[in-house]
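Before any questions on binding or motion, here is one chain by itself as structure tokens, the form predicted alone.
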């Protein structure tokens, strides 16, 4: 067995965020003004990887980006966070994607150009590299159109190699919540949707019905509930936590940061209630700054602020 040099390998998308804060919804032929803006590291997968590394885990990333300014920005950001980027493929024929975030806390609207993320495929996986990790995480399932049909194969092989797996779907722009996702769930150890996503995946209007349906397909179901915190269903038991009250600046990356905290404690052998608590703390910290990684830029500060939440 290869030596486990990494806690987590994240397979995912790379795109920047242009966050416009406190902005009216655009109208054709009208110019309107935002109160603030920031270029930030985007991508569910990249935010989870960065913030997981910033709280102390050893993280590697497999993805695809263009040989362009946006790709440079994303890779430098991951490297500043301590993430190993050696398995990110640069392709000069592709453009790194971008998302415009219109943020009016607690709500936001997003417009995304997918770019290179759509071209990552199962053939791009470095299996020797994956074998050096304890856990495999994939985010933004529905936007990763090049690999989504094969995520079940990816997870099945990772599990056969001794890794555990986790999945965060994020939103489906087509609103179809496809069959390929349902094929992946049996190979998913930890499933991390938010409540809206869980309802649509389970095709029900009632959260308890969604929980009942989804818990049959995965080992652990962890549902993010926004300001209401989160819940976990595992081993026939339900764990809840109300979250931590904070002054919200911007909500991009809250769920991805929850993933980071949850997975870190899972890999440290904590019980599910503690995983949930750490996930909520990281999610709460994320919304106190612009951009999904804005509150995770200094390790000492991050640890102090998480300790303040957790006591």
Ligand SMILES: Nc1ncnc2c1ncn2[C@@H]1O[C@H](COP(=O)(O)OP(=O)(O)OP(=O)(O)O)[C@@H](O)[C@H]1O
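Numbering follows the first chain given and starts at 1. Keep in mind the model is a prediction, meaning the values are calculated, not measured.
The form predicted together with this ligand exists for this protein as well; it is not shown, and the discussion that follows is about that form.
Between the options 63, 60, 261, 255, which residue brings a heavy atom to within 4.5 Å of this ligand in the predicted bound form?
-> In short, 255.
Scan 188, 85, 170, 215 and let me know which has any heavy atom within 4.5 Å of this ligand in the predicted bound form.
-> Partner contact (heavy atom, 4.5 Å) among the options: 170.
Specify the contacting stretch among 204 to 212, 223 to 231, 111 to 119, 157 to 165, defined as having any heavy atom within 4.5 Å of this ligand in the predicted bound form.
-> It is the stretch 223 to 231.
Answer with yes or no whether residue 284 is in contact with this ligand in the predicted bound form, where contact means some heavy atom within 4.5 Å.
-> Output for residue 284 is yes: heavy atoms within 4.5 Å of this ligand.
May I ask you to check whether residue 272 falls inside a 4.5 Å heavy atom distance of this ligand in the predicted bound form?
-> Result no; residue 272 lies far from this ligand in the predicted bound form.
Taking the shortest heavy atom distance, is residue 280 within 4.5 Å of this ligand in the predicted bound form?
-> Contact check for residue 280: yes, within 4.5 Å of this ligand in the predicted bound form.
So in the predicted bound form, does any heavy atom of residue 99 sit within 4.5 Å of this ligand?
-> Heavy-atom contact with this ligand at 4.5 Å: absent for residue 99.
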